[in-house]
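We begin with a single chain expressed as structure tokens, specifically the form predicted on its own.
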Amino acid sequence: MSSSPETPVIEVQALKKRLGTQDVLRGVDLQVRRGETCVVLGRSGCGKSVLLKHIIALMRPTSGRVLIEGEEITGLPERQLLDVRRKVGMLFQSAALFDSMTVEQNLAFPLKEQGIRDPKVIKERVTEALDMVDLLGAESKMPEKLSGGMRKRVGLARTVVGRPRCILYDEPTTGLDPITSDSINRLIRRLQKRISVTSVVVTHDMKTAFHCGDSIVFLHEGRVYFQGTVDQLRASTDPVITDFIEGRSGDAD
């Protein structure tokens, strides 16, 4: 299905997900425009990562729809989902590298999965991706020799090497020190500008939200509680939002 420039790259409609007896998502609606970075905030257990997994069809909804570039993906068989997942790359919290492979082999793997066999093409694509994340020269390193920040950047390079139209980030700065976190935030912004990628960033980190977000979605109790710009979020006087931004529990002493 072809999409017009006005078609949202990612669209979620009335998405519900029940896990056991718990309603994790209770009717989420979301649109992400081409080239936009949408940050999804919310307390632990509010459904942020579950939403992300639905966008890449790692989970199936109880009800509702997910569309990528105007194509509904919720009912697609696994074979057709392979084409969707080439459009949508995901950076997992752990970076999900193969520990038995070098950095170069980790990046070459998804290209070979796409059917690319020419060693010269693979080498060029790997070099291009490592250059984007400032890791040229790390090709022969093993994941165990990488710092947490370097692992995250290699994971991001492996995500962009397939030239996706969208990138999903699951807590990209978790476990990183403030300086390394800042470098990852700047990298997310730089990639958006360099390759015009559409992004969804799930995070607890307000610095990441404020630095990276064009739009902010705040999930609360399985629903979209707030949707707007960074400035609108900062200006909110809603105690649910201000408690989250300030890191207050909201419980009485």
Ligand SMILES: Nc1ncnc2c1ncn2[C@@H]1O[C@H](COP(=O)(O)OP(=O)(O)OP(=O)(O)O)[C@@H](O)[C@H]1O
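Just so it is clear, the structure is predicted and the values come from calculations on it, not from any experiment. Just count from 1 along the sequence shown to find any residue number.
Omitted from view is the form predicted together with the ligand, to which the following refers.
The stretch that touches the ligand in the predicted bound form, counting heavy atoms within 4.5 Å, is 38-46, out of 206-214, 193-201, 38-46, 180-188. This chain appears without its partner; in the predicted bound form, the one residue of Ile10, Leu233, Val24, Leu15 with a heavy atom within 4.5 Å of the ligand is Val24. Screening Ala57, Leu30, Val50, Leu67 for any heavy atom within 4.5 Å of the ligand in the predicted bound form leaves a single hit, Val50.
Within 4.5 Å of some heavy atom of the ligand in the predicted bound form lies at least one heavy atom of Leu19. Not displayed here, the ligand is kept clear of Thr102 by more than 4.5 Å at the level of heavy atoms in the predicted bound form. Although the partner is absent here, Thr74 is not a contact residue: none of its heavy atoms lies within 4.5 angstroms of the ligand in the predicted bound form. The ligand in the predicted bound form comes within 4.5 Å of no heavy atom belonging to Glu139. Although the ligand is not shown here, in the predicted bound form the stretch 101-128 places no heavy atom of any residue within 4.5 Å of it.
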